[in-house]
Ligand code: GLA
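One chain follows as structure tokens, the form predicted alone.
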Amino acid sequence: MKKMRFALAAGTGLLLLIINSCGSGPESSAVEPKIILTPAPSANVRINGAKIFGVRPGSPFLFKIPATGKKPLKYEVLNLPEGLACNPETGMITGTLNSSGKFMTTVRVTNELGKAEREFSIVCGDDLALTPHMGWNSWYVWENHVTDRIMRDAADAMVSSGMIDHGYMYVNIDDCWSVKPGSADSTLMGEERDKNGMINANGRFPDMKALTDYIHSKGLKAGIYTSPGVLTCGGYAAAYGNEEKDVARYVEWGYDFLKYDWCSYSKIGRTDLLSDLQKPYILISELLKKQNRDIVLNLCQYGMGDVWKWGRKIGGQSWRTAGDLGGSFEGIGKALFRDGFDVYSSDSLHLYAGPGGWNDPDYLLLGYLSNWKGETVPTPLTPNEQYTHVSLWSIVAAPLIFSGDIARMDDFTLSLLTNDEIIDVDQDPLGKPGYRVSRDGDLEVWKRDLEDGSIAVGLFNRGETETEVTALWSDLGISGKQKLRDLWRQLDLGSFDGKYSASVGRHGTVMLRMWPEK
């Protein structure tokens, strides 16, 4: 190992050493150290997150400019269209646009050390989610224990942790917020609907409007969950037969995101009929389009009927491509490599996603998660696997929705979620998802084209031993000398020609960005 350590330090930087320095077999995975590769944010101003944002005419506009640097920060937007205003102290852009069009603005953020500027495009039209969603969801840590207090704490944590300054936006309730028929728990009992047929929240959510107001006051957006069936997955009241009233209720409450989970609809529609698979989602998307509020729609039906081929056509802004990544706590690692790599590659999912509609391989299962036994425990993913998880999601342009305990993150988990150069890949405005360009057994190379003409490249080792992975320029469709940058360490590696090789450890990854050398 001493010889390897010297070679890596001298040749390719310390990234590979740090990720992959521990052992070479599965028995060693438990002792992989949590090495933080992401540098701490500079005191100088950096503007982060999405460079483009979509809104429909007449809908309330809310966008918090994500920026890091020594505080206080002052925010300004040049050429902001009529109807919108930017709060110089909070960086929140609010208002309403009544005219369709693409508005090119310049965001300027300053502190005592200087300023940063970046172009920001506001697109007012029919399309939402022009970059993949970023946020947090309650399911994989709180499942059926979620409450109003938990959601408020999550919003607070998204701000206090700084995740909001890196582009995270949505704070989403999953299942178990409505009344549960037949429950003996007094907090879940009650009338499923009021006298007008409008759905009620259970006792754990005493005032939904007050909750969304609280989340919005932080510069964040609020998400909610239901099923097109009679009941949700957890057995709580859902939307079947009341879709129009439920959408009206979500608008009344002020929600911005809807996860629509197939669940009990299998008792109504057949999973082997494409028309049945599409019917409930066509209905809900048409209802959402009629509202005076933008609600992003996530089709959660586990990839049935090759949903990636039609999800956007029927109004979805994202669609689950496989089963639950965390359906089994012990199986999260296997599902990561199966559903993340194999489903995506075998069906060429990159051909079916882009601005306004995204493949969703499920949430980021980092930090503390539910073990489905009434406890929250650390993710079963090794440090290598956690780097692979975030890297792959970013290179395929997947939503970055964290579903661990946001109020109990350690520095390692936070560093995985807030590396701005990795996020820049995920949020690239070209919106062209990456794909696998080569595979040699357990070794894979993935590529994503980016707006500025550079490419993101992932070197992945799915095997059980440390192995060299080589990216060939011929596989990447490039030629000549390339400047390489290590994205996790945010470190320039130098110039290379024809190929780049790195030793990658068990289940490990290296994320690069390449530019032609001029």
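Heads up: residue numbers just count along the shown sequence, starting at 1. Remember, it's a predicted structure, so these values are computed and weren't measured experimentally.
This protein has a second form, the form predicted in complex with the named molecule, left out of what is shown; the following refers to that one.
Counting non-hydrogen atoms within 4.5 angstroms of the named molecule in the predicted bound form, say which of 251, 80, 233, 157 makes the cut. When the named molecule is considered in the predicted bound form, the option within 4.5 Å is 233.
Find the only residue in 385, 405, 424, 261 having a heavy atom within 4.5 Å of the named molecule in the predicted bound form. The residue from 385, 405, 424, 261 that makes the contact is 261.
Is the gap between residue 133 and the named molecule in the predicted bound form 4.5 Å or less for some heavy atom pair? Result no; residue 133 lies far from the named molecule in the predicted bound form.
Using a 4.5 angstroms cut-off on non-hydrogen atoms, would residue 142 count as touching the named molecule in the predicted bound form? Looking in the predicted bound form, residue contacts with the named molecule do not include residue 142, since no heavy atom lies within 4.5 Å.
Applying a 4.5 Å heavy atom distance criterion, does residue 442 contact the named molecule in the predicted bound form? No, residue 442 sits far enough from the named molecule in the predicted bound form that none of its heavy atoms falls within 4.5 Å.
Contact of residue 175 with the named molecule in the predicted bound form (heavy atom, 4.5 Å): Looking in the predicted bound form, residue contacts with the named molecule include residue 175, since a heavy atom lies within 4.5 Å.
Within 4.5 Å of the named molecule in the predicted bound form, counting heavy atoms only, one of 296 to 304, 122 to 130, 179 to 187, 92 to 100 shows up; tell me which. So the stretch in question is 296 to 304.
Check for me whether the named molecule, as it appears in the predicted bound form, comes within 4.5 angstroms of all of 225, 320 and 324 - heavy atoms only. Yes: each residue has a heavy atom within 4.5 Å of the partner.
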